[in-house]
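The chain below stands alone, shown as structure tokens; this is the form predicted on its own.
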């Protein structure tokens, strides 16, 4: 689905991190947690390609103006890392964007009796808030969020409002525990007397560690990957990542956009 979207708000939530709310067609609130959209930041030739962004939230926006009709909305959480995202951060209310989506495969929510453990870092939280909104309807949910400094810890209050128990770790100790968030995850898994299931999105090193923890404990684990992609639909092959059978003699690649961005961790090849 391709549509024009009008910006409702575009706010810097932490240095370098922005949250944008925009109008959406009526079908979009049915998007699965973990799906993404491709955004064209302007009508000019530069930047030429759309950029992928995880869907942070969807819902119904009620305008402040008396008598204005409620409007479906889409939210993105993004970090300014280059020209396109810098241009996005300069946009204002009522500016228009060209959107393609929702695209890709989302998270499998698992069964209600499982204890859901969400692990995220920095802008990796982007697809995890909508996931948490769905998971809390049927299970207890814990969020493990990490970053280098307190500036990388985003939107914790929003998760807490859902009833999610949050564990925070920063490498410099400026917020929460000092160290890696995977250490808090390991402790919680050791104390868990039920059936855990892990969902993760963030830097590759963190995902590699989480996949290893899950494999060691025999715990179901899904990861959401980020990738450079031009089309978002599996045609350009710009976002392929090695599958678990990959080797130099027998290549096995998966498209992050079309086969993912959410994968069962056992589908992928991880560093030993």
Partner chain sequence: MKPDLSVTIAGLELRNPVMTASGTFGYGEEFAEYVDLEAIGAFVTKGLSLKPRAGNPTPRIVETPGGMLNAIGLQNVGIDAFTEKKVPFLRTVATPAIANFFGNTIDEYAEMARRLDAIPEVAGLEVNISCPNVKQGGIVFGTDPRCAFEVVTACREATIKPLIVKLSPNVTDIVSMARACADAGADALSLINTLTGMAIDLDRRRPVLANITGGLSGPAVKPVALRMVWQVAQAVALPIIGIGGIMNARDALEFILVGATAVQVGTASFINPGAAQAIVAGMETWLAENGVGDVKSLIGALEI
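Residue numbers count along the first chain shown, from 1. None of the values given here were measured: they were computed from a predicted structure.
Below, we turn to the form predicted together with its partner chain, even though it does not appear here.
When its partner chain is considered in the predicted complex, only one residue from 64, 48, 69, 60 comes within 4.5 Å through any heavy atom, namely 48. Of the listed positions (164, 109, 88, 100), a single one reaches within 4.5 angstroms of its partner chain by any non-hydrogen atom in the predicted complex, namely 100. Picking from 28-36, 229-237, 52-60, 209-217 the stretch near its partner chain in the predicted complex, with a 4.5 Å limit on heavy atoms, gives 229-237. A residue is said to contact a partner when one of its heavy atoms sits within 4.5 Å of a partner heavy atom; residue 15 fails this definition for its partner chain in the predicted complex, lying far away. In the predicted complex, its partner chain sits within 4.5 Å of a heavy atom belonging to residue 1. The closest non-hydrogen atom of residue 40 lies within 4.5 Å of its partner chain in the predicted complex.
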